[in-house]
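Just one chain is shown here, as C-alpha cells, and it is the form predicted on its own.
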C-alpha cells in the first residue's frame, strides 16, 4: 500500500494553528505518510511535527466557507487547525483519519526513521536476559537460564530465555506451561539480595471446576521455598472474580495442593474499567465550567486515584512479604500480562535501589514489561479521546508510571531520574519514532526484526546530553528499602502528564531552573570549602614541621 493513496490533499496554505500556551501561527500545512507538519515563514515560530500515530481522534467544524479541525492526541494535547476552504478541510480530515488509524506495524514510522544523532550505544543490546542473569549469578547459584521457549512454542508471550529454579528441568516446564494461562509458567521476576527471597510471576492456573491438579507446577513453585518457610501467592483479582474464572477453565491454587503457600486476593481492576477511568479523568480535566464542586465530583467519579492506590497497596504488600516477612512471593492475575506486571515492577522500585536509577529503570521496563509480554500495541492503540469502541486498550502502563511518580514525589532525593523522564517514557509508549514499544511481545518484535530495522529509545536516552536533561538534580543514592504512603491524602494527580496542556508551566519551569542554579552554586561552594580545608591541613602540617627542633 502507498501512503499517497490515503492523502487526498497533501498541502494547504493559510492554515492557522492554535496550541495551548503558545502564540497562534499561520503557515502551510503538509501531510506526509507519517507526519502532520505545519511550518511558517514567520520569524521565531516553532514548527509543528505531529506523528499520525499520536492522533487519537479528530473533530470537524465549519464556519461559513472555513473549516476547523480539532486534533486530540494520545499525549492528551488538543490542538486546533483553521483551514480555508471546506473541501480542503474535508480532504485533510479524511486523510488524517485514514493515516492515524493504520494498524499495519510494518508501515509504522519507526521502520522509516533514520536517527540524526550518533548512536553511541545500541539500546536493543543493553538489557538482554543473559546479561541480567550474570548479575544474578554473583548473588546465588540456585537458578538457571532456560532456553525451553527459544522458538516461542511453549509460551508465545515469554522471551526465549527465562530464569527458573536450577532443580527444575525443561520437560517439567513444558508440563507446567499446559497448566498455566497462555503457557505462562512461573518464572523469576526478582531476587532479593538481602535475604535470598524471590518474587515470581505467572498466569492463572487452569484448575477449572474439577479442581485439576499439576504436580509439576507444585514442584516448581515449592522449589523456591527455603526449608520450613512459607510463601505467599498474591492474586490480583477479587476473590469472587477468581472463583468465577473456574467456570471458564481458569482458577487459583487450592490450599490442599499448595499447603506451604498462603493465597491473598488483592483486587486490581481489569483493563476495560481502567480505560473508562482514564476517559472520565480527561473529561474532568477538560471541563471548562471552573466549578469546584463539579471538578472534585468528576475527579472522584473517575476513580483514577483509587486505581493508583490499589496498585501501590498491592506492590507494597508484595515488597513487605519479601523484605519484612522473609517469604517468597508468586504474583498472578488472569493472563499475567497487566496487573501482575504492575505489582512486580513497583515492588522492585520499593525494594531495589538499582531500579531507581535511569539505567536501572530502563532495565526494569525491559524485563518486566517488554520482555514479559505486556501487549503494548493493543493497550496503547487508543488514549482518552478516541470515539471508536475500546477493544483491548487500557492505560495499564500509564498507571504504573503514575504509581512510580507518586513514589518519586514522596522520596524526591532517592531517584536519579526526574519527572521529565517518566513523561518521556509515557509519550513514547503511545507514539514514537523508536521501535522499543512496537508490538505485543518479544515474539512479534523478533518476527518484525525490530532490533535490526528500528532504533531503540534507550539509544536516544543514554546519550550524555539527554541523560543530563533527564537527571534529577536532588538525587542522592539511597540503598534502603523505601516504603511509600498509600493514604488517600498522600496521592496526588500527576500534573506532568494530566495538567501540562491545561495550564502554563512557566512558573514551575522558572522555579526548577532556580533550584538547579542553587544546587550548582552549592556544589561550587562545597568544592571551595574542601579545597580550603586541604590547604589548611597542609599549612598546619608545614607549621608543625617548622616547629620541630
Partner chain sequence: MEHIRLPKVEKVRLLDRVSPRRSRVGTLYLTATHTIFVENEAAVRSETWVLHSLVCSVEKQAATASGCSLLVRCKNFQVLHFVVPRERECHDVHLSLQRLSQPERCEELYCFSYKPNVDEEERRREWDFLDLKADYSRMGLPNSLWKLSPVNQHYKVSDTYPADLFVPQSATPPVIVGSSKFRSRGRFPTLSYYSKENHAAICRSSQPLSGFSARCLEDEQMLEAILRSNPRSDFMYVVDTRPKLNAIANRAAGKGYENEDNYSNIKFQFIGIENIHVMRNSQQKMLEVGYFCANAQMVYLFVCVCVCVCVHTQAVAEEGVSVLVHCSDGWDRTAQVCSVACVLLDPHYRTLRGFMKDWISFGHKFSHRCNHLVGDPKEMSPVIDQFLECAWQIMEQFPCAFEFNARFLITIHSHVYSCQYGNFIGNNQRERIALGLRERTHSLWSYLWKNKADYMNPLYRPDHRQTEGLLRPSTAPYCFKSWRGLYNRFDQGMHPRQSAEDYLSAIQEETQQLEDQLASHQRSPTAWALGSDMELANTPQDYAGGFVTSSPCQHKAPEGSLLLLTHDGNISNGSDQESGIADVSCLSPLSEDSARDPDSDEAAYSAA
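Residue numbers count along the first chain shown, from 1. Only the largest set of C-alpha atoms that superpose within 1.5 Å between the two forms is called the rigid core. All values reported here derive from a predicted model rather than from experimental measurement.
What follows is about the form predicted in complex with the partner chain, which we do not show.
Relative to the partner chain in the model of the complex, residues 291, 507 and 521 are all within 4.5 Å by at least one heavy atom. Figure note: of the listed segments 255-263, 450-458, 206-214, 171-179, the one touching the partner chain in the model of the complex, with heavy atoms no more than 4.5 Å away, is 255-263. In the model of the complex, the partner chain sits beyond 4.5 Å of every heavy atom of residue 46. The closest non-hydrogen atom of residue 24 lies beyond 4.5 Å of the partner chain in the model of the complex.
Within 4.5 Å of any heavy atom of the partner chain in the model of the complex lies no heavy atom of residue 167. For residue 476, a non-hydrogen atom is located within 4.5 Å of the partner chain in the model of the complex, even though that partner is not displayed. With the partner removed from view, the residue among 320, 243, 357, 420 that has a non-hydrogen atom within 4.5 Å of the partner chain in the model of the complex turns out to be 320.
In summary, among the residues 325, 121, 75, 142, the only one with a non-hydrogen atom within 4.5 Å of the partner chain in the model of the complex is 325.
For the stretch 504-540, the set of residues having any non-hydrogen atom within 4.5 angstroms of the partner chain in the model of the complex comprises 506, 507, 508, 510, 511, 514, 515, 518, 519, 521, 522, 525, 526, 528, 529, 532, 533, 536, 540, in sequence order. Superposed on the core, the two forms differ at residue 540: its CA moves 2 Å or more between the shown form and the other one.
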